[in-house]
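Quick setup: one chain, the form predicted on its own, written in structure tokens, and binding and motion questions come after.
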Amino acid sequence: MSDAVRLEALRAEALGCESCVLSSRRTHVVFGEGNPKAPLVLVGEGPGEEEDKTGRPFVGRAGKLLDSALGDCGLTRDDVYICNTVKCRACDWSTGRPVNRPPTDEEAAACRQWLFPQLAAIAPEAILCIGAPSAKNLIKRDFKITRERGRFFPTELCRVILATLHPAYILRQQGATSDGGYSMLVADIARGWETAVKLRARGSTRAGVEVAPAQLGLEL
């Protein structure tokens, strides 16, 4: 079974998931999209309102900013793969109207049955966590986004993993005299992409050849 077929079979199975309470009020499962053989995967926290409506990751205002950052790196969504740590929108319904909230640890754990096989099927060289929650889920629980963004960390999920600021955070911080961290987002995407491409060119995990990140000058 090819990686693309394996990924599509996993997506089809995930569409019927009822492993946690998020399934009861979702409109769509937001599985992910992009190049199934991408050297770099971008992983956010979870879908919001627009993503839940469309079934696609990062399609609201934050998604448009992410597209701009990819474009400034000479990339499009077709070059990378984009997904989230959870596939359904996490909401607080206590007021009768949905308000976005962070996924619970239990919800994130339940969704790893989809995320980890998804990443394994893509087999990227590098993962870029979009925002602190994703980094705390995939890198380490005490990850500090302002101090540790852009740094490489070892992981069992791929060759190297790093994190960057979330586009939604950048939008909140932007002003007349500040880009809100947009230049950092662009730099981190560029670093992740360039590293992933070098790692694949010098010996992909797909080919069964291991190239240590240190051989590329990466400090872990």
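All values reported here derive from a predicted model rather than from experimental measurement. Start at 1 with the first residue shown and count on from there.
This next part talks about the form predicted together with a small molecule, which is not shown.
Select, from the options 150 to 158, 170 to 178, 190 to 198, 54 to 62, the stretch whose residues sit within 4.5 angstroms of the small molecule in the model of the complex by heavy atom distance.
Only one stretch qualifies here: 54 to 62.
Applying a 4.5 Å heavy atom distance criterion, does G32 contact the small molecule in the model of the complex?
Looking in the model of the complex, residue contacts with the small molecule do not include G32, since no heavy atom lies within 4.5 Å.
Does any part of N84 reach within 4.5 Å of the small molecule in the model of the complex? Heavy atoms only, please.
Answer yes; at least one heavy atom of N84 falls within 4.5 Å of the small molecule in the model of the complex.
Just to confirm, P39 within 4.5 Å of the small molecule in the model of the complex by heavy atoms?
No - in the model of the complex, heavy atoms of P39 and the small molecule never come within 4.5 Å of each other.
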